[in-house]
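Here you'll find one protein chain in two forms, each presented separately as structure tokens under the names structure 1 and structure 2.
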Structure 1
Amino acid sequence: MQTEKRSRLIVLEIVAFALAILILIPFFMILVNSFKDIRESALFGLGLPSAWKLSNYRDVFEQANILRGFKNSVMISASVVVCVNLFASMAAFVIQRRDDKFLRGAFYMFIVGLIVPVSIVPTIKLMSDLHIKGTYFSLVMYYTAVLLPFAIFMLVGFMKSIPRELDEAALMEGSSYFRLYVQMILPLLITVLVTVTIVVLVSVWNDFFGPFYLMTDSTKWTLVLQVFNFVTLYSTNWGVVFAFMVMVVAPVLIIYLFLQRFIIDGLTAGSLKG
């Protein structure tokens, strides 16, 4: 019985590792090819480079304004993280606690936003009517509006598990609603806020749709838009293209490797409460 169970586990382990290799091969492919010269990289092979070319990475730095794209991506993502976390947690706090007709209606409106696809052409028109088209502000507001429904959905679900007695005790002691929110509620929401932050970061960092339509000025492009443009221009030299991709993917993967515990636990805790 014991050995039967153990051999079953070994078989499962082998199956799982085989599948994991399928996930890893594409990552490996861009990594090795990013060190190959123009002719070798065009073969897209999995073999190691015959001569390691670090110059691909230098070329990316010289041609691609990668630092500017990096700065834009960081700035935009960080602003959206702050706006979404702040606005959503404030809203979720009163939506769940007040539970009146108006806020229940508002909550359903947000849920609809979770399902409905963005109407992109009118969004562009609206931005230009408001004279903010092509600004960082317009892109941050676009992302905030798109990601708020998800954040509110998660946070309202989690608010239910924070006992009202806690509020009552704090209010009894003379705390204001604002202090209650800042000092009691926010700290208790931290696990969900971490999840929201990670999901927002991943969505904004990787998004192409938003800046593609809303950013005409190339100095304000994010990394992903730069990749798109770079491939269109330099697709004759895949070694350089892959080097660019490695540089775009690496920061996300490094952050992921550090935070993956929280991501997986956070999704675990958050996704099923709503």
Structure 2
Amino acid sequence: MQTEKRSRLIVLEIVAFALAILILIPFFMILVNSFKDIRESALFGLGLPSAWKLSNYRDVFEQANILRGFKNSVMISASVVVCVNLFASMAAFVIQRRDDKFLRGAFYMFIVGLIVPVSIVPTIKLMSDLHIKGTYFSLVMYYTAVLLPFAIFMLVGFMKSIPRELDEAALMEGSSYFRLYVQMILPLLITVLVTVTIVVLVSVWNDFFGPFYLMTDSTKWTLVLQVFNFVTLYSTNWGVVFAFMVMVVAPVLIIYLFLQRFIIDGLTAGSLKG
């Protein structure tokens, strides 16, 4: 029995290793091709470059408005993280603690938002009617609305594990509901809020279609959209494009690698306790 269990575990580990390799192949392809010249990089091969060209990274800085794109990405991502964490934690607090029919319906509506895809045309029309289309504010609100259901789902699930006796004791001591939320509930949500922060940050930073459809002014483009500066119809230096992609992915990848333990802990806490 033990031998059979061990054999099954080894097979699962081999499958997991193979899947990990499949996921890493595109990253490896981008990395090695970022050091190749225009001819070699156009082949999209997985082999090492015949001559390492660091000049691709220099060209990115010389040709692209990379600092402006970086500033836009940081500003939009940070704003969305703050909005999602703030609104989701307040909504989860009210939904989970009051637990009446209306708020249960509101919670299920948020859950529907996890499944139903975003319709971009009505979104553009709504932003035009509100006269906010093409602004940073519109993009922040768009991402907040899209990512709020996931955050509320996680936080409501986790809050079920926080005993209500804690609330009752605080209220009997004269605490207001707002103080209860800020000083007692919010610190207990830190694990899940860190997870939400990382997921939101990665989603917003790497998204292409949101700013592509909603930002008409190229000076407000995020870092991902700046890749258009290097792609043309007839001649594209893919070595420079890949170098740019490495620079786009690197900040989020580093953050993810350092904080991946918190993601797993937060997802487990938010999903299993729900």
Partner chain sequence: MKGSKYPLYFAFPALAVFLLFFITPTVIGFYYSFTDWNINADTISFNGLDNYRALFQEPRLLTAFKNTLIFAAAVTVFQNVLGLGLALILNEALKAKNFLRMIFFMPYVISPIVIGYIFRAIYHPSNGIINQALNSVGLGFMAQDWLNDPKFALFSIIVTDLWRVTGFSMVVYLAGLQFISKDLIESSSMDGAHYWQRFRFIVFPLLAASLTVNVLLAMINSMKIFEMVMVLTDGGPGYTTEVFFTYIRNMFSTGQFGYATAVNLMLFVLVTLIGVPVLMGLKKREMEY
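By convention here, residues take numbers in order along the sequence of structure 1, the first being 1. Rigid core here is just the name for the largest C-alpha set that superposes within 1.5 Å across the two forms. Note that this is a predicted model, so its numbers are computed, not measured.
Structure that is the form predicted alone (1 or 2): The form predicted alone is shown as structure 2.
Once you line up the core, how about residue 220: does its CA shift reach 2 Å between structure 1 and structure 2? Shift of 2 Å or more: no.
Quick one: once the rigid core is lined up, does residue 205 have its C-alpha move by 2 Å or more between structure 1 and structure 2? No.
After a core superposition, would you say residue 70 shifts its C-alpha by at least 2 Å between structure 1 and structure 2? Where the cores coincide, residue 70 shows only a C-alpha shift between structure 1 and structure 2 that is less than 2 Å.
Distance the CA of residue 17 travels between structure 1 and structure 2 [rigid core superposed, Å]: Shift of residue 17 at C-alpha, rigid core superposed: 6.3 Å.
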